[in-house]
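Only one chain is given next, in structure tokens, and it is the form predicted alone.
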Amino acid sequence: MANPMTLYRAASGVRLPAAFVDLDALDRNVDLIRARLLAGASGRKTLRVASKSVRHTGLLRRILARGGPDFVGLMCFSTEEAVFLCDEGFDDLFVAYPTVQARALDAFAQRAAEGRVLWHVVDCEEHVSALGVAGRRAGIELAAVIELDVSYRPAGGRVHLGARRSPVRSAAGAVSLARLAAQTAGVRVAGLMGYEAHVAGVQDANPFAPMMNPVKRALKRVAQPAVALLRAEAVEALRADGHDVVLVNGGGTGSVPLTAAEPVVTEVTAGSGFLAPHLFDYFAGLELEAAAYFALEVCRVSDAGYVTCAGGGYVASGEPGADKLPLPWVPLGLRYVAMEGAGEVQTPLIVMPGATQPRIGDPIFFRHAKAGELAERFSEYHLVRGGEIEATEPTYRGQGRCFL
């Protein structure tokens, strides 16, 4: 945990609520994730940074620079976002969430025609057709990456454990879609993606649902070999059918060394681990440092043993639960009031016995459950190094951008 006095010094005189990123911790997280990539790698592997977990151009540049030649490109969550990042000077951008909106795809194709290295995911005929139209309008072939659903589906598929992303669930299905693309002018199949969310994004020791932890650990042990087998089968089948598959993407922060160990994989994606939101405290063997946090002002003391903060309702997306709430971090000994939780305009907290009673005007520091979503709530991040604010730079929101 960061030194509380360092946090208070960084927040002194800053208008609250405010968001901060500890650049020293960020650098150490980048180094750790890079080391995990290289330790697990079978052959030459690179890491693609997930922009959705950062949503801040200044931090994206810092992460890529720190990662050096082992960090190549960004995984984008929106076609419009990829166009924006092209215009901000980034290259080698992979849009991993599809669209068929013509305006967005035309802008994307235009950047590709200008020489940018761009990839776009597809998983059905509609995606291929829309991408082909945009490619033909721009006079080029757009690089399509087929998304393979690598979820764990026992009992003949009657059980689905993993993210529901793609209808392509077999090597044969990938080949069928690739053949359709081969008959569509303006598009070509250039890669395969398979995201093992049920491995990379599932905690080993979540304190908010401890009874499920053994089940989750067992699932991960069973699921990862099946993911690797399916990914290898699909790539082999695509290449045997004559498709030039040059990009094979997989993984996430929670599975970097496992995914990098697969011979067929060319690159692994990671994003949340750089900022280390509190959900990433609960992965075994992943010793990341908290690098992002926000501070709220104590605006009320309604009763002895309580404080109330202004704002704070920054609840994370996903399955509702206590683990999606921000985590009161500094000072120690603060807990949510069960009947109120994190509120839009105020957040009351219980001061546990033995903890110091905060005073009106004091900052209370929290960690978000997820990484990138914090940037949707703040227009700027205060970037801290050595306990001092080194720079204050805009998030996507601060640049007037909202993609989802």
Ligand SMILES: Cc1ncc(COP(=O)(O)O)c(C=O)c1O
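Don't overthink the numbering: it's just position in the shown sequence, from 1. A quick note: this is a predicted structure, and the numbers were derived from the prediction, not measured.
Although it is not shown, the form predicted in complex with this ligand is what the next lines describe.
Q. Of these, K52, R62, R36, H368, which has a heavy atom no more than 4.5 Å from this ligand in the predicted bound form?
A. By the 4.5 Å heavy-atom cutoff, the listed residue in contact is K52.
Q.
So this ligand isn't shown here. In the predicted bound form, which residue out of A134, A291, M75, V128 has a non-hydrogen atom within 4.5 Å of it?
A. It is M75.
Q. If you check in the predicted bound form, is M193 within 4.5 Å of this ligand, heavy atoms only?
A. Yes, M193 is a contact residue.
Q.
Residue-level contact is defined here as any heavy atom of the residue lying within 4.5 Å of this ligand in the predicted bound form; does P326 satisfy this criterion?
A. P326: no, not in contact with this ligand in the predicted bound form.
Q) Does L93 reach this ligand in the predicted bound form, with heavy atoms at most 4.5 Å apart? A) No - in the predicted bound form, heavy atoms of L93 and this ligand never come within 4.5 Å of each other.
Q | Distance check, G312 to this ligand in the predicted bound form, heavy atom within 4.5 Å | A | No - in the predicted bound form, heavy atoms of G312 and this ligand never come within 4.5 Å of each other.
Q) Going by heavy atoms within 4.5 Å, which of 318 to 326, 109 to 117, 166 to 174, 267 to 275 lines up against this ligand in the predicted bound form? A) Heavy-atom contact with the partner occurs in 267 to 275.
Q: Note that this ligand is not shown here; using its position in the predicted bound form, name the residues of 249 to 267 with a heavy atom within 4.5 Å of it, in sequence order.
A: Sequence-ordered list: G251, G252, T253.
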